[in-house]
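Coming up is one lone chain in structure tokens, specifically the form predicted alone.
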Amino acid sequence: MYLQLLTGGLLLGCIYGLVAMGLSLIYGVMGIVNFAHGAFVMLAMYASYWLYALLRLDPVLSTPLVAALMFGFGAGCYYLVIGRVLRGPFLARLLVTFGLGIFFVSLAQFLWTPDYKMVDRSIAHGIITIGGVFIEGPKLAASIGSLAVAAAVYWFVRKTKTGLAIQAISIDRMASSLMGINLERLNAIAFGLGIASAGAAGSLMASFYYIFPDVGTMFGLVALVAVALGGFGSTEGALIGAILLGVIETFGGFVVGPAYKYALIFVAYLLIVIIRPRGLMGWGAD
């Protein structure tokens, strides 16, 4: 039983991890908390759903396309909205993504109604049994896909010239500017990359999760807790924090009750920020 719960928690945590990595990347580069992150997940789920409904393209297979679309959409949002308030007052930077998230949710309700939608049959349907542990095919595919995308993001940030420039900005924006790095362009790339991560996670989840306008709210909050748990600005810390939260949610839902599983996540968050405010792998002093 406990092995079954642990497996379920790890699978769930991998998906949370991809959402959280994008959130952590955006914060690390621009210093803003993207409260619209869950709304971007929701938009990606709808994009994946409509690709399935109109073109019969399975969500798992459409993930690269949805991620690319969300990258462009995220970069566009940066140039149109985020970049314009980045040097503004702290309150404006804090609230702009909050307002953006509300706008996207309201737009989704207007365009597609609050009714639930779902992909009726994914190519990964079915249950696999390994060593007595039952694993749902769509969740396994989503978890493997999330880890693959997370690895690609990690490689891009750590190994490419553009990724190294993004890291330089996150460490010292002034010095990076003096070295000739185009901050606006790299901010847009980092924001687009963060939204693409959320989009890939949303597309993968669309193969087994109900889709409705508010579906991203809880994913955004859990990702925020995962980033705080792992350490703001640390993409690998966000992934580890998200996996821990997936395990806590699954075990907590079984031991304490499904109604309290999210409460346990936020209790874990409170304990971490009290004991270690910078998170498990964050920078700066406690």
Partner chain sequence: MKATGTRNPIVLGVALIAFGIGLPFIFTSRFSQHILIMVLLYALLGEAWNIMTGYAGLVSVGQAAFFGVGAYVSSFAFVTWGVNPWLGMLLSGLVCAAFGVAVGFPVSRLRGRYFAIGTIALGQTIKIIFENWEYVGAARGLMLPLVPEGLLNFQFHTSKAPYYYIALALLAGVVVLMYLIEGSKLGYYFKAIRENEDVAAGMGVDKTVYKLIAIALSAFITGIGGTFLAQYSLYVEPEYVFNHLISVTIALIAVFGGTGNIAGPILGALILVPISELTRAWLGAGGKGIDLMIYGAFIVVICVFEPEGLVGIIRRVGRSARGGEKRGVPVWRNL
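Numbering follows the first chain given and starts at 1. Quantities reported herein were computed from a predicted structural model and do not represent experimental measurements.
Only in words, not in the display: the form predicted in complex with its partner chain, which the text now covers.
Remark: residue 141 does not count among the residues lining its partner chain in the model of the complex, judged by a heavy atom distance of 4.5 Å or less. Under a 4.5 angstroms non-hydrogen atom cutoff, its partner chain in the model of the complex has residue 31 among its neighbouring residues.
Not displayed here, its partner chain is kept clear of residue 162 by more than 4.5 Å at the level of heavy atoms in the model of the complex. Residue contact with its partner chain in the model of the complex: residue 91 places a heavy atom within 4.5 Å of it. A single residue from the set 60, 224, 69, 243 has any heavy atom within 4.5 angstroms of its partner chain in the model of the complex; that residue is 224. Only one segment in the set 154-162, 170-178, 81-89, 131-139 has any non-hydrogen atom within 4.5 angstroms of its partner chain in the model of the complex, and it is 81-89. Not one of 73, 117 and 250 comes within 4.5 Å of its partner chain in the model of the complex, counting any heavy atom. Contacts of stretch 96-112 with its partner chain in the model of the complex, defined by any heavy atom lying within 4.5 Å, are made by 96, 98, 99, 100, 102, 103, 106, 107, 109, 110, listed in sequence order.
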